[in-house]
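We give structure tokens for two forms of one protein chain below, kept apart as structure 1 and structure 2.
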Structure 1
């Protein structure tokens, strides 16, 4: 459980302390990568709460999701189709589903 939280905190600290600007050309790629990373983080937290967390699965899923999402965005840009919207839709649905499951798991744990 400490790995996803550590990664999130490190990313937030680096993001707030640096003055890095992303050009408009790379914005779709970055937005997709961030959404994929948040989806993986929520999935990792859910797996931990279900006592099924595996660091190898988390790390490989994290990078696979990011590269798949960025690859879809890249392919879509070169084809002239907004494929990144499909990735946003898919990762968004998964993110909300994972958050709902986390909420239910936490409620069960707190209620006894």
Structure 2
């Protein structure tokens, strides 16, 4: 349980230490990638709690989601349509749903 938290902290420290800055043009892609990653993570945790976790699905989903989201944002910029809103919408809704499910599953586990 503590390993993922440690990973998160390590990632944050690494990120702050390397001092990499993304130019303002690419910042939206990165933020959408973070959102996609969070969404996949929540989905993964839910699947784990439901005992349906499949690492291949999880890892492929993680990378495809990130690149799909960034690609969608890129396409949107070039078409002049705010397509990233679609990604934010979809990921946002799923994120909330997954977190709600995780909460319920944890509650059920805790209650017995």
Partner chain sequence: MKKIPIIFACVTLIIGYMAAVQFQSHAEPETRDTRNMADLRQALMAEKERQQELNEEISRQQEILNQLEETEDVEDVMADVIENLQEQAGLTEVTGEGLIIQIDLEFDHNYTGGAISSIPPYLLRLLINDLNIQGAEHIAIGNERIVSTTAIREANGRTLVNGNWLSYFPVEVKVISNDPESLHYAIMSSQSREMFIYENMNFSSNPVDSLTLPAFDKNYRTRFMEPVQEGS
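Residue numbers count along the first chain shown, from 1. Computed from a predicted structure; not experimentally measured. Rigid core here is just the name for the largest C-alpha set that superposes within 1.5 Å across the two forms.
Each structure shows the same chain on its own, and structure 1 is the form predicted on its own. With the core held fixed, the Cα of residue 93 is displaced between the two structures by less than 2 Å. The rigid core superposition between the two structures gives a CA shift for residue 10 of 4.0 Å.
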